[in-house]
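One chain comes next, on its own, written as structure tokens: the form predicted alone.
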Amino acid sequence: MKSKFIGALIGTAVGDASGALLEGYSMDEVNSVKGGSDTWEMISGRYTDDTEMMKGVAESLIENKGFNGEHMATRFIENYDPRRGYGPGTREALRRISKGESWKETSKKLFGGKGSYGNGAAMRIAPVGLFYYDDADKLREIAYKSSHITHYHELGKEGAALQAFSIALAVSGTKKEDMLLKLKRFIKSEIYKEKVRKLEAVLDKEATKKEVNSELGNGEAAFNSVPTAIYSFLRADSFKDAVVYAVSLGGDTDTIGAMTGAISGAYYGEGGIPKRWEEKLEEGKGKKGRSYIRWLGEELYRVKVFIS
């Protein structure tokens, strides 16, 4: 189980870094640059805001032995590095909170008062999926609360909850063939229910990448990326194949790669991640890179065992 906790966090970073330099490329452009899965390799180990914010979630859960919204928001602000490529909504939310606004109110004011339904909450959610893997109701509650710091829109929160629950199923050893049924029972939003129906359909027919992008999406909206990450995991037989496939779809490659890596890392454990990929990950500013991420996985597991 400890290996699965570590695998989900390292997997987030590896998937993120795998897609980082290809973000915004079309499917055809990615495949012309990278070639097939047999020859595909990580170009760089540099991660983006996906991994940086995931670390903040883990740090806060560890320090508080559970969720503390004000503390988590503070962690996001303390860790903020503009060179990591934060989205405009998240940048604005963190700026406002740093100026004294309440973390409970800030995200409500963004995007015309509707809030963001992007995948910025889902990309960082892996520690929540791990910490609450044995309590689906609590997992949903904390996924929503942690998302609320930057993503007020229900579809942003539901996407994060769906991603977290997928990680919970993976870490608990649920068989792949049983996951879709459990995901269907978990989802509340009609948009996500429809997406999972499409996911099941493209999985059954072994759809082309073009069909997957058309039906599931490869964009920044949570409902156009979380189901794609789940599909990338379910169709593959290894961590490598899942992440390579996710990135090969083009579009929001770093985040879909990060989410696929999180689910796959939780399922296969750290040992399932190609060692050369993990070793390529940067150590990061202030030594908060590869070794630190691995430590966060160990600590998250230790705290979970302690409070259980």
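Keep in mind that what you see is a predicted model, and the values were worked out from it rather than measured. The first residue of the shown sequence is 1; numbering continues from there.
Just so it is clear, the following notes concern the form predicted in complex with a small molecule, a form of the same protein that is not shown.
Only one of 167-175, 181-189, 68-76, 84-92 places residue heavy atoms within 4.5 angstroms of the small molecule in the model of the complex, namely 84-92.
Contact check for E299: every heavy atom lies farther than 4.5 Å from the small molecule in the model of the complex. In the model of the complex, E220 approaches the small molecule with a heavy atom inside 4.5 Å. Looking at G118, you'd find a heavy atom of it within 4.5 angstroms of the small molecule in the model of the complex. Contact between E59 and the small molecule in the model of the complex is not found at the 4.5 Å heavy atom cutoff. No member of the trio V14, S18 and E278 reaches the small molecule in the model of the complex with any non-hydrogen atom inside 4.5 Å.
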